[in-house]
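One chain comes next, on its own, written out as structure tokens in the form predicted on its own.
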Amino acid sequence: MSALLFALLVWLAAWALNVWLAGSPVAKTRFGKALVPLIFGATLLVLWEGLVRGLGIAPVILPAPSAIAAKIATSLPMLWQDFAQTILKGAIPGFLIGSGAAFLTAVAIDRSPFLQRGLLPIGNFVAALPIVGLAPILVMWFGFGWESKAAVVVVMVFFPMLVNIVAGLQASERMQRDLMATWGASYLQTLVKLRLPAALPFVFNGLKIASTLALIGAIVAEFFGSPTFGMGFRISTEVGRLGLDMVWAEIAVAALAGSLLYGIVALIERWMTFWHPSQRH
């Protein structure tokens, strides 16, 4: 119980520190904005460690963070191989293909009222289909290689991106579009100089959603067929062997990869939409 008591004391001390930081001028700086969530995350890990050790929870039920960290340290080559298979060969290609296809389709829908009335309802229907039902079908079609994982990711990211881009293309004001028409601007000129810049916040909102969906889709697809490596394959295999420390190690790597991809998209958004009110803080 001493480990649990120590964890609770650390939690209370960190809570008090975070309350003080949140109300201090430091919280308004870039360093302070990063420090508060870091302290909060570290205290969660300490509390987790204390609960596991203090209550004597078996590793097959919930391993301690220290055991997960030790597993990561001793399994780096395997984790990198799984990361490369799932993220680099499945999630990222599917993310890029799905986002690009959604952009081209959104422009076509914007030009055609028929497509807007006919394709979007179908898109909403397909987006509601459970991925665990589509994934085995796509694996049967495209095989056990990275192509099937990318296909699942494309299906997952395409329609959220499509809906956001279509909404973004309608974001510019009617008066602005009429003014462009008065100046004799073509559709392409209006699209590039007015409507796409106005749509960028919607586009990046879709990209941030798609960045997390891509990772989920690639991992889920590997549950239904994969080479003898990959994050989804490793998780399903280790669960059957009760290797929960390895499962949590894969989850930690997936969380870090997802956060990194989301952060890259957010940084590009800040650079490209500096003029938008959402970036003025």
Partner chain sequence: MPVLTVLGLILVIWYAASVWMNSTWVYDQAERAGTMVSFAEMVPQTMTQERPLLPPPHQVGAELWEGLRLGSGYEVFLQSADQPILDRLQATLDHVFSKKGLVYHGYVTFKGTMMGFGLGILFGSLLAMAIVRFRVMDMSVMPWAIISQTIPIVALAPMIITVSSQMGLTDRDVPKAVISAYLSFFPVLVSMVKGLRSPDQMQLDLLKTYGAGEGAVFLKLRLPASMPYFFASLKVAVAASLVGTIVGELPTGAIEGLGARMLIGSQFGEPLIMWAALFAAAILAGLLIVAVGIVERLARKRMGVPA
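Numbering follows the first chain given and starts at 1. Only a predicted model underlies this, so the values are computations on that prediction, with no experimental measurement involved.
If you look for the form predicted together with the partner chain, you will not find it shown, but the lines that follow are about it.
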Based on heavy atom distances of at most 4.5 Å to the partner chain in the predicted bound form, which listed stretch, 128-136, 70-78, 96-104, 161-169, is the contact stretch?
128-136
Even though the partner chain is not shown here, does L55 get within 4.5 Å of it in the predicted bound form, heavy atoms only?
no
Is there a non-hydrogen atom of R111 within 4.5 angstroms of a non-hydrogen atom of the partner chain in the predicted bound form?
no
Taking heavy atoms and a 4.5 Å cut-off, does V220 contact the partner chain in the predicted bound form?
yes
Contact of G41 with the partner chain in the predicted bound form (heavy atom, 4.5 Å):
yes
Counting only non-hydrogen atoms and a 4.5 Å threshold, tell me whether P121, M140 and G258 all contact the partner chain in the predicted bound form.
yes
Of the residues spanning 236-258, the ones with some heavy atom within 4.5 Å of the partner chain in the predicted bound form are V239, L242, L244, V247, W248, I251, A254, A255, G258
Relative to what we see here, could you say if S236 and I131 have their Cα atoms closer or farther apart in the predicted bound form, with a change of 3 Å or more?
farther
Considering a change of 3 Å or more, are the Cα atoms of I131 and V247 closer or farther in the predicted bound form than here?
farther
